[in-house]
Each structure stands twice: as structure tokens, then as C-alpha cells.
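Take a look at this single chain, the form predicted alone, given in C-alpha cells.
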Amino acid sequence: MLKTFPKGGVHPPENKLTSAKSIKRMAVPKVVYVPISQHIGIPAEIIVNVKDAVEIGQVIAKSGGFVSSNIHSPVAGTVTKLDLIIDTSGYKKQCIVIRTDVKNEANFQEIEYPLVKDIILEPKAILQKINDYGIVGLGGATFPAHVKLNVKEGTVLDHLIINGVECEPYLTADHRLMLEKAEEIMVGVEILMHALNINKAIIGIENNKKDAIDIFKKLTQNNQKIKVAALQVKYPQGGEKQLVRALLNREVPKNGLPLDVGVIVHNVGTIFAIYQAIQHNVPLTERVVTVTGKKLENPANYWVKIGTPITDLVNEVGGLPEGTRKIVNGGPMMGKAIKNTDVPVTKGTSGILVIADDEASRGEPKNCIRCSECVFVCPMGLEPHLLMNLSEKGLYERASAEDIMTCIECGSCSYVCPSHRPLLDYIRFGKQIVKKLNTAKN
């Protein structure tokens, strides 16, 4: 029987339109817009000036603190502006604008890096390099990788979990990366095991990616330390707490981390980025992005330079079709609609989803009928209907007491609600207020 997490979850239509499409390489844009806050934590500090010439991979903004991350130039060119632009969050953020030059011509084609299996760096040097090269979690959270890997002395770790689930509908960036860079990902796993002194690793992949499961089972057939686990297809299995429970039957504490139960979890995209940094001295300046939608002319997966305007990606797949209602940064469950396509790709951009009128319309919200569907599907065991009501009425202290901050914002509650109530919208808003109140108290 396939493993899964026991509490809640849903199975929306998968719509993996691009799962059979190999990753293409986007042409280097004429201008890139590089935000200095592409990670959870403190924004990086700009260290370049207008008119400065920059090279590919050069640090242009340094980590602003422990929970922060370096930003590197994705192109060779000239800094033309240090400006405030609207990013995928919908808010204006500080940004470095770079006009590219002819040095990027050789970068139109993917560089064929040889597979390097030998790990020569000591653990401390590996962790420092992950910090220096701006690696963050590429599964969506963008948590600085060096912070997650900074394990306190005395902490007992026994498993590294590799998240190859990609349970969000439509998105196939991780799936394609696993198919095309499996050997490199395997080396990346071994690099982290060496750095953390962990002897066991599990690669968790949902069973709708049988080709990826087969590849990794073949690569691990003689490896006693790294195993592959096929998982039942259920959303939001890619959540860290859900994945740890599914694979190891360990319950991460309510306000805790996988670290509390002896586990570290990393996404396959992050593992590949770590491999590139350690074995080839390549900082995180590009990522795989799925550009998809049922009405798009040619949905596809692309290697994209950080800072590339989303307009370029949409044009690459044939432009916005008539009747487009929404453009979503991410997938349909956890992604957020963006105002326009002028915003840039960041380290956290896993996909761009174009949704037509007939798919995007919400039903008219009605009164709650007390059916408890939202409670049944909540993977965190919360009462979404209650949390929405408390947020709507401004009862934030009560919302905090009802564990609103443990919500992972998966959207399962809104998905199943027969009354079309905007549960997640209100819970997200309530979480923001509670977070501010808690910060003020401290």
C-alpha cells in the first residue's frame, strides 16, 4: 500500500499538461529586474551602484543577516537603476535593474557541465558555500538553505528527506528536473548527507510520476543509504510535516520543525542547486519554471534567469489567449494572482499559470451550512470555518489561541467548501495580523 499522511487532504484534477515536455532554455532577456528580497527573512543589502558593470554570477546584494541570502547577477551587463518595482507579492520591493550586453550570447545555450561525483569539501566548507552561493528552498518557501542546515550541536539527525512530490496541480518543474538531472540530484543528496553526517536519505515521489520513481530506483538499487518511496497521490503531500508523517510516521510538533524529530527536508530543485554550487561553483541565478494553462498555445517548462520579466515567458508560449482571467504565480491551490506580467521571475517562482474566464470564476459566497467539509480536509487538524469567522470579525487573539498560525495555507478548505466561502483569504489575512501582534509583544 502506498504511503501518505493520515489527516485530511484532497485530490484536485492534476492537469499536468507539461509533464512530457523537456525543459527548454529561455533566451537571456534584454533587461533583468532582480529583487533583493527573494527569500524569507531580511532583504539582502545592495553592493553595486548605477553604471557599474557586472558579470554573470557576481554578488550584487549581500546577505543582510543570518536569515537572509546573497543575490547574484544572472547576466553580464550594466546596472541602470536601483528602483522600487512591484514583484510577485503585489508590493513594491527594492530591485536592481541590469541591462544585458553581448557577453550573454554564449549563455543562450545551456552549458553542459560534466557529472562530478567525488565530494572533496569538508562539511563546514559545504555549508559555507551553500550560504555564499545564495541557495534557498526552491519548493516555494524560499527559506535560506544555510539556515535550515545550521544544526545546533547536540541535535540528533537520522534522516534526510528529499521532496520530489510536486503535488500542486499543473506544475511539472520538479518532475522534469528529476527526469533530466537525476544523477546530479543523487550527488546532491550525498553532498548533504556528508555535510550533515546523516546515513539515511529517502526520496519521496508521488505515484503519478512513475518514470521518475523508476529512474531513482535504478540509481539507488545498490545503495543501502538512499531509498526511494512511492507515495499516494494526495494534496498537500509536499508540505514538510505531511511528508515526514507519510515517510517516517513521525509527528512534527505543532509549532515545531522536522528538525525536532531528527529530520531535514529539502526540495529536489534545492538539491540540484546545491550540487551546482558545490561541484561547479555555480550560484543560484536561474531555475526551472513551468508556464502552463489549458488555453495556452504551447505550455512548457523553461530554464529561466532570475529577474526575467514574466511577460517574456508568456510571449514564449504564444502570448495570453483571449478570455484570460487570471495569471497566477505558482499553482492553483497555493499560488497568488499577479496584477500584470511585468513582474520578474524570482527564486521562488515555480510556475506561471494562465487561467481562463470559465475556470477562474468563483461561486457566490453563501452562508456556512456547517457541513464540516473544511474540517475533514484540513491536513493540520484545524477548523477553517472558525478561523475565517474570527478573522472576519477581528477576533485575532482568539484566532491565535485557535492555532491560526499553524495553517499551511494549502487551500484545501476553500477547494471543498460547497458554499464557496473565501476561507483561505480570511485565514491568510488573519495570520498576517496575528504575526504582527506577536512581533509587537516580543
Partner chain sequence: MSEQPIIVSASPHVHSDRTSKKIMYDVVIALIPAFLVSVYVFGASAFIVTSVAIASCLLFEYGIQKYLFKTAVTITDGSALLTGILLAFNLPSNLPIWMVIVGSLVAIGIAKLSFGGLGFNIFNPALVGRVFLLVSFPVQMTMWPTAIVNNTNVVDAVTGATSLGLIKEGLLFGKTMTEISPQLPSTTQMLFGFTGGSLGEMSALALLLGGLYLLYRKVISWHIPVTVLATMVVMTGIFWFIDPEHYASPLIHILSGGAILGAFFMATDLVTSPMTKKGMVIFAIGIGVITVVIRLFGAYPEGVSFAILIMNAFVPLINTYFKPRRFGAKIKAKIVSL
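Computed from a predicted model, the values in this text were never measured in an experiment. Positions refer to the first chain, counted from 1.
Unshown form predicted together with the partner chain; subsequent notes refer to it.
Enquirer: Does K24 reach the partner chain in the model of the complex, with heavy atoms at most 4.5 Å apart?
Expert: Residue-level check for K24: no, no contact with the partner chain.
Enquirer: Does any part of K339 reach within 4.5 Å of the partner chain in the model of the complex? Heavy atoms only, please.
Expert: Result yes; K339 sits at the interface with the partner chain in the model of the complex.
Enquirer: So in the model of the complex, is the partner chain close enough to V434 to count as touching (4.5 Å, heavy atoms)?
Expert: Result no; V434 lies far from the partner chain in the model of the complex.
Enquirer: Can you check whether G164 is within 4.5 Å of the partner chain in the model of the complex, heavy atom basis?
Expert: Looking in the model of the complex, residue contacts with the partner chain do not include G164, since no heavy atom lies within 4.5 Å.
Enquirer: Let me know the one among H266, H146, K347, K241 whose heavy atoms come within 4.5 Å of the partner chain in the model of the complex, would you?
Expert: The residue from H266, H146, K347, K241 that makes the contact is K241.
Enquirer: Could you check which residue among H159, H72, K181, K234 gets a heavy atom within 4.5 Å of the partner chain in the model of the complex?
Expert: Exactly one listed residue reaches within 4.5 Å, namely H159.
Enquirer: Sort through 331 to 339, 72 to 80, 207 to 215, 124 to 132 and report the only stretch with a non-hydrogen atom within 4.5 Å of the partner chain in the model of the complex.
Expert: Checking each option against the 4.5 Å cut-off leaves 331 to 339.
Enquirer: Can you list, in sequence order, the residues from 56 to 89 that come within 4.5 Å of the partner chain in the model of the complex, counting heavy atoms only?
Expert: Heavy-atom contacts within 4.5 Å come from no residue here.
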